[in-house]
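Form predicted alone, single chain, as structure tokens, below.
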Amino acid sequence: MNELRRESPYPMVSIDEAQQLITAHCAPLGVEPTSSLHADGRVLAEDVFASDNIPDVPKSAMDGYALRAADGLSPRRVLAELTAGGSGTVRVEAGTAVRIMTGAPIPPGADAMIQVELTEEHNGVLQIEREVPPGFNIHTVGQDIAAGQLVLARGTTLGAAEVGLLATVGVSSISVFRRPRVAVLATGDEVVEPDAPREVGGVRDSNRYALLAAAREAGCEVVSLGIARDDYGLQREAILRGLEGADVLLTSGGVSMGTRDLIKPILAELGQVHFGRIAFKPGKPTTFASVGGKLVFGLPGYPASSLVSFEVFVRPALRRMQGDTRPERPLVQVRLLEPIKPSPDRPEYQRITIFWQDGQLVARSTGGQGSSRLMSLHGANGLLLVPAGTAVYPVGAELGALLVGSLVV
């Protein structure tokens, strides 16, 4: 009779050690061209410089009149009207002005413009309420962007403003880092699809769908591998299938010490397991391996453990692979609004809600922090970093937290 193993063959690594091991195996994927006009969410793989000054000529900052500042308060004869998209050859001489719209080029001879609210015009004669200095209300050449200026740097994640900037400087095609393709596999005889009949003791597969959503939110392409039963051959085949078509494989369940926890042995056979246990909570059995140059994360089966492990270890790796120069979630200091009890033996990432109060970031627990309680992540926008210990952190104490969502108003 074979003796059951009572100790894991994998040494316990610290959170820092685990993150360093993962980072050492992460590199940006290849580069591909894409339309800059539809590149929101992508990470730029090249520096973008402006080829022209913006604006390219002096322009009116608002609706009003272009004039000569030296004419002071003297009445002026209005020669014409210039619009932003129009054209004209009128020249402003002494004692004259031109009606002008926002964004229209300043005509020759004019060196200032006055907003319409400070003027009166009757029968083609302009009277202004106050004198204006040269350059008043004029956007100068290159004021917004100068020719040759670095507009966007390699590694920038493109959002609405960045897409607008690319359009502004006339760049319609850019190079971006390829998005990782992430395959997600659920394991376990007890796991069923959410809409399938569930036997007593069965578990609906929430982890796979939550991880697919988390990977999409991190900017990745995703593929679902379904559910693999607790059979060595079936799980091995599913892992190989996932690795064939993806850059990263995430598995859910099967990484603990039970006789049906098969993920670690399979990964050890196929590749190299870099670590199999982490001194943190929730998610101690989180596993990281590489197989043929592809990355594999074996995540725990408990829902809260699975998503917290993804946030702390997987998401930064996925962001690095797509060229993000700032892949980590922001780390902020928060003041506790209620006592927080630490775990005695491991650092813990407790789920919290972070918001502003009296000019300071404060935090409140989302309730029970059990590894199986997915409700602890519902509404959570932060992960509180609670060092191991026995002393309760009192109200008013300050701790670091990862900001994983928008601040609550």
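Quick caveat, the model's predicted, so the values are computed rather than measured. Don't overthink the numbering: it's just position in the shown sequence, from 1.
Below, we refer to the form predicted together with a small molecule, which is not included among the displayed structures.
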Q) Counting only non-hydrogen atoms and a 4.5 angstroms cut-off, does Pro107 reach the small molecule in the predicted complex? A) no
Q) Quick one: does Asp247 come within 4.5 Å of the small molecule in the predicted complex, counting heavy atoms only? A) no
Q) Taking heavy atoms only, is Arg198 within 4.5 angstroms of the small molecule in the predicted complex? A) no
Q. Is Glu190 close enough to touch the small molecule in the predicted complex, meaning at least one heavy atom pair within 4.5 Å?
A. yes
Q. If you check Phe297, Phe177, Tyr302, Phe280 against the small molecule in the predicted complex, which one has a heavy atom within 4.5 Å?
A. Tyr302
Q) Which one, Thr157, Ser256, Thr119, Asn137, lies within 4.5 Å of the small molecule in the predicted complex by heavy atoms? A) Ser256
Q | Partner-proximal stretch of 168-176, 149-157, 327-335, 248-256 relative to the small molecule in the predicted complex, 4.5 angstroms, heavy atom | A | 248-256
